[in-house]
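The data below hold one chain only, encoded as structure tokens and taken in the form predicted alone.
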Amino acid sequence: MKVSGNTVLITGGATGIGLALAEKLAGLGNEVIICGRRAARLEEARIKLPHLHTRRCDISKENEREELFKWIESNFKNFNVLVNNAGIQRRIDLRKGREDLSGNEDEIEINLRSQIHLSALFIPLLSKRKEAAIINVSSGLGFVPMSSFPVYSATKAAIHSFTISLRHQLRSTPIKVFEVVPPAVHDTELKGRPAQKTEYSISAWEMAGAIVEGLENDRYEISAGAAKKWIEASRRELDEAFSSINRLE
């Protein structure tokens, strides 16, 4: 697909991969819209990148997802690319029973249901464009789960499956469907705070560069680092990777 001249919405675009991708795409001549829950982070992003459009939106809430769609439809007549990037990651120990499942942030709602719902909302609009794309961000942990993040890993595996099905359903439309499969990214706030650099991690800027290169070359599964190996691995290699990343759990 072309990587300039688009009008792009990036959910969770105020930090991490989302913000790095916003900067990359804006630099290539795209009109970029980001949304997120935290007004302060959105303002920081707008100060850094003055041409960004920002919208406060909690995509865990169905009504706010619908309001986001209406706002885009009304204000951005050339909108043609949806990036389902927003996500959260929670450490959950199911040996405690229901204790770790309680909380205000619902991984299934944010990581899975919101991507499905936003895709469904925007598909009729995107189908009218000459060129369009939906870009779903999954994770290397959707291929090799990490036992301390069982719900997160499960939602990302589901996004991988959903994206394959969606790509097939939309094959006769103008909408291209991409999956981005990041490894650990050490300068993101996926867990609510900056992650630590590890042997498996890369920077958000590196991941954003891989995304742009993959889009430009119509590579429908885009990855980098350790996750790039995992999406092409055999069952034996996946089992070995699982043992390796979970060895301290």
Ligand SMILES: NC(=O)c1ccc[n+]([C@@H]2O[C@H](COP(=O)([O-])OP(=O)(O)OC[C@H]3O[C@@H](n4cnc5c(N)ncnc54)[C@H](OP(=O)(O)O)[C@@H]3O)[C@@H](O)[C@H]2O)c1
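Residues carry their position along the shown sequence, with the first being 1. The structure displayed is predicted, hence computed values, not measured ones.
Heads up, the form predicted in complex with the named molecule isn't pictured, but that's what we're talking about next.
- Using a 4.5 Å cutoff between non-hydrogen atoms, Ser153 does not count as a contact of the named molecule in the model of the complex.
- In the model of the complex, at least one heavy atom of Pro183 sits within 4.5 Å of the named molecule.
- Contact between Thr188 and the named molecule in the model of the complex is found at the 4.5 Å heavy atom cutoff.
- Shown alone here, Gly225 lies farther than 4.5 Å from the named molecule in the model of the complex, counting heavy atoms only.
- Relative to the named molecule in the model of the complex, residues Asn6, Ile72 and Leu121 are all farther than 4.5 Å at every heavy atom.
- Residue heavy atoms within 4.5 Å of the named molecule in the model of the complex occur in exactly one stretch of 78-86, 163-171, 125-133, 91-99, and that stretch is 78-86.
- In summary, among the residues Glu221, Asp58, Glu206, Glu31, the only one with a non-hydrogen atom within 4.5 Å of the named molecule in the model of the complex is Asp58.
- Scanning 126-151 for heavy atoms within 4.5 Å of the named molecule in the model of the complex gives Val137, Ser138, Ser139 in sequence order.
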